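The form predicted alone is given below as one chain in structure tokens.
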């Protein structure tokens, strides 16, 4: 089992966490002004890189807080973990 380091609780088993999708995706300022195509792009279209990728995670069985992690999508290795609202750290895989 993989250990995920929660920024508040420390390392915990991955079963305690829930994946929340791509990090740093801003909610539209005026969603009612978007066309159906623009709204669909916001809701459904996300990056799918091979390598480092910033993701949102929730410690659902612990402190229940959201945080971000940079994970290598090829190896699943967590390269960095940081609190929501902080900028993504520079990482190299």
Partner chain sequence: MTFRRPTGGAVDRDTVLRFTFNGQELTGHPGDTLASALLAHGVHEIGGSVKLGRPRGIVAAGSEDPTSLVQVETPFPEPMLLATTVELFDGLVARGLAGQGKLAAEPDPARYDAKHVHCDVLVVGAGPAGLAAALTAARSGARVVLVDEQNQAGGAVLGVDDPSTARWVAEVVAELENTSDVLVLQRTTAFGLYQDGFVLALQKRTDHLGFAAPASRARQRVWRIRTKRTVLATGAHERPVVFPDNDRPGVMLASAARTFLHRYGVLPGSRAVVFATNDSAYLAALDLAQSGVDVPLLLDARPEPPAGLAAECAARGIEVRVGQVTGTEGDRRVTAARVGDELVPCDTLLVSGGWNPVVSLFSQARGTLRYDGGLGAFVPGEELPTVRVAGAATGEFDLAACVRQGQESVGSANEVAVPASDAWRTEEPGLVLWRVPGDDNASFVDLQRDATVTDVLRATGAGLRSLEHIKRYTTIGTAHDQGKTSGMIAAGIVAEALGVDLADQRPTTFRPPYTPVSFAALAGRDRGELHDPVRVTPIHPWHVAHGALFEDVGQWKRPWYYPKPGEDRHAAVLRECRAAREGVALMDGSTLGKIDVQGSDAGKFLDLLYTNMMSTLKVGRIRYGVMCGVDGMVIDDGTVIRIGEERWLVTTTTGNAAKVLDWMEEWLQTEWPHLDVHCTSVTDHWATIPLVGPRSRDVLAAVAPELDVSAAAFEFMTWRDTTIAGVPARVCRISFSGELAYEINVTAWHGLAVWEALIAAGEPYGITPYGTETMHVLRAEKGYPIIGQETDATVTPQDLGMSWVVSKKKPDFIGKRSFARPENLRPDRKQLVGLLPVDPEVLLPEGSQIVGTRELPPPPVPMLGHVTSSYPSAALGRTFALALVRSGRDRVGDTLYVPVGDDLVPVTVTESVLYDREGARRDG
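Positions refer to the first chain, counted from 1. C-alpha atoms forming the largest set that superposes within 1.5 Å between two forms make up the rigid core. Values in this document were obtained by computation on a predicted structure and should not be read as measured data.
The same protein also has a form predicted in complex with the partner chain, omitted here; what follows describes it.
Participant: Spell out, yes or no, whether the shortest heavy atom distance between residue 80 and the partner chain in the predicted complex is within 4.5 Å.
Facilitator: No, no contact at 4.5 Å.
Participant: Contact with the partner chain in the predicted complex for residue 91, defined as at least one heavy atom pair within 4.5 Å: yes or no?
Facilitator: Answer no; every heavy atom of residue 91 is more than 4.5 Å from the partner chain in the predicted complex.
Participant: Can you tell me which bits of 21-58 touch the partner chain in the predicted complex, meaning any heavy atom within 4.5 Å?
Facilitator: In sequence order, 25, 26, 27, 31, 32, 34, 35, 36, 39, 42, 43, 44, 56 come within 4.5 Å of the partner.
Participant: Using a rigid core superposition, assess whether residue 30 undergoes a CA shift of 2 Å or more between the shown form and the other one.
Facilitator: It does not reach a 2 Å shift.
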